[in-house]
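Below, in structure tokens: the form predicted on its own, a single chain.
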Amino acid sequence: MAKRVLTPLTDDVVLSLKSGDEVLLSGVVYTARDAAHKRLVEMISKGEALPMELKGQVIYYVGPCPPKPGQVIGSAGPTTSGRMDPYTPILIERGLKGMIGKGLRKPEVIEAMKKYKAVYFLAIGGLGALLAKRIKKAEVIAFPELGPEAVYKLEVEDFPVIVGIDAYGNDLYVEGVNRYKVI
């Protein structure tokens, strides 16, 4: 049975999630891909205010397609998370509690997640059109010149994800391989 989780995330909620848990996220989620991550980290290094408060927030690694008439957003499937790894530890240190994407994460990201209590959610690639139906509102809040890589503020309802890496460092990718390893 899926756990229902509201954003922003608290330490208690993050610590209650375990690798492999099915989660239905509701609330505000921000989008950002590598170009936006680079800009956010540059802003932090310059002491500039960010376009959103990071504390307790979740960032979805997605570059959504333009919406068709009558839609809130176009297809919104996850992108590969590893491209954000050079920037992620500093965002976690600044309060980011959750990330949504697909694929493996580097050890530095996992260490930051353990130290600052954050969680990495997996969204299933190839389901962008279905995932978009769980997005109830979408608004560009930063870097509009980046097109689909702009930062969006999304309002999601029962957005389906799986805990890929929990705040204890348990990694579903590693656990899955070990579970089916032939000796």
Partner chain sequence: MVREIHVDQIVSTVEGLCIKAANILPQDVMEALRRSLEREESPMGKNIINLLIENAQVASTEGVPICQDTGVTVVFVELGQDLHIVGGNLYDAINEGVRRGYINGYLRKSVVSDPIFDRKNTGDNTPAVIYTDVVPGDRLKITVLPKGAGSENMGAVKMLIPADGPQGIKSFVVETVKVAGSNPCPPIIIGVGVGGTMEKAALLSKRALLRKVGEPHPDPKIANLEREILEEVNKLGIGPQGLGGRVTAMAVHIELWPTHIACMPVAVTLQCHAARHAEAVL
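Numbering follows the first chain given and starts at 1. The shown structure was predicted, so the numbers you read here are calculated from the model rather than taken from an experiment.
Keep in mind that the form predicted in complex with the partner chain is missing from the display, and what follows is about it.
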Worksheet item: Of these, Pro51, Gly128, Gly56, Gly27, which has a heavy atom no more than 4.5 Å from the partner chain in the model of the complex?
Response: Gly128
Practice prompt. With heavy atoms only and a cut-off of 4.5 Å, decide whether Leu6 touches the partner chain in the model of the complex.
Written response: no
Discussion item. Within 4.5 Å, heavy atoms only: does Lys153 come near the partner chain in the model of the complex?
Written reply: no
Fill in: Any non-hydrogen atom of Tyr173 within 4.5 angstroms of the partner chain in the model of the complex
yes
Worksheet entry | the partner chain contact at Ile124 in the model of the complex, heavy atom, 4.5 Å | yes
Worksheet entry | Segment that reaches the partner chain in the model of the complex - one of 135-143, 42-50, 111-119, 56-64, heavy atoms within 4.5 Å | 56-64
Practice prompt. Sequence order please: the residues of 91-118 with a heavy atom within 4.5 Å of the partner chain in the model of the complex.
Written response: Lys102, Gly103, Leu104
